[in-house]
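Just one chain is shown here, as structure tokens, and it is the form predicted on its own.
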């Protein structure tokens, strides 16, 4: 009895998802590209306006991105401090969902669920969404968290008082308090590398090119090409944060 109920529930769930996806497709077809659904709008500046794309279909869960981020940015080696990490989603045949991220995926993954119990499984890289309307920036009482003219959200350690307001405000869990400095820390998109014309470390090392980085204001950028040719969405679009982290093949189970 319970098994039949679970199957029916899952069937209805995916049917509803199909209807939603159809609605999104119709909306996208009727809307010009510069009004891309869920896309963050540039504040009108003519300069660079950086965004991020991740193709979930290409991610193999190798964890090289998370490891490169730790090394490049001197992130504490402890297994619970990350600027970038990877999660493994396993949907079981009974409809339950298992989300795992051992050591942030730095050392890769080992599937803990027997193959005959798996409905589907995939990897989802996570990092700061560099929101255009970032909640973390809005709650900072001293202006330590700020946004550059290129749309990158950063933290000025000299001003940060470690109050944790921004950590609590981030709906994506992308911030932490540095255990030694006592200040907020997060992904900077390797801003120090961008200034020298280099890509962020996690993008440069990805063996499958699952990560795409580029200028949203440049019609010819790889990121805009990616967005035009894939059905991309952001995590938690209902929060209206102006997220600039776009995923291809984003499943509704991802939160």
Partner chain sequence: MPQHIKRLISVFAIFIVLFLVMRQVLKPSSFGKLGHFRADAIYENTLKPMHYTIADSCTKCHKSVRAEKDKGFHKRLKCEVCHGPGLKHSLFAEQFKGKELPDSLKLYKPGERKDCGVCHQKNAARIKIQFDTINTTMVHQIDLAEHNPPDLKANEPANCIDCHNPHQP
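Positions refer to the first chain, counted from 1. Since we're looking at a predicted model, the values are computed, not measured.
The same protein also exists as the form predicted in complex with the partner chain; that form is not shown, yet it is the one meant from here on.
Contact between residue 218 and the partner chain in the predicted complex is not found at the 4.5 Å heavy atom cutoff. Within this chain, residue 71 lines the site of the partner chain in the predicted complex, having a heavy atom no more than 4.5 Å away. By the criterion of a heavy atom within 4.5 Å, residue 224 is excluded from the residues contacting the partner chain in the predicted complex. Contact annotation: residue 132 falls outside 4.5 Å of the partner chain in the predicted complex, judged by heavy atom distances. Taking the partner chain as it sits in the predicted complex, the stretch 117 to 143 comes within 4.5 angstroms of it through a non-hydrogen atom at 118, 121, 122, 123, 142, 143.
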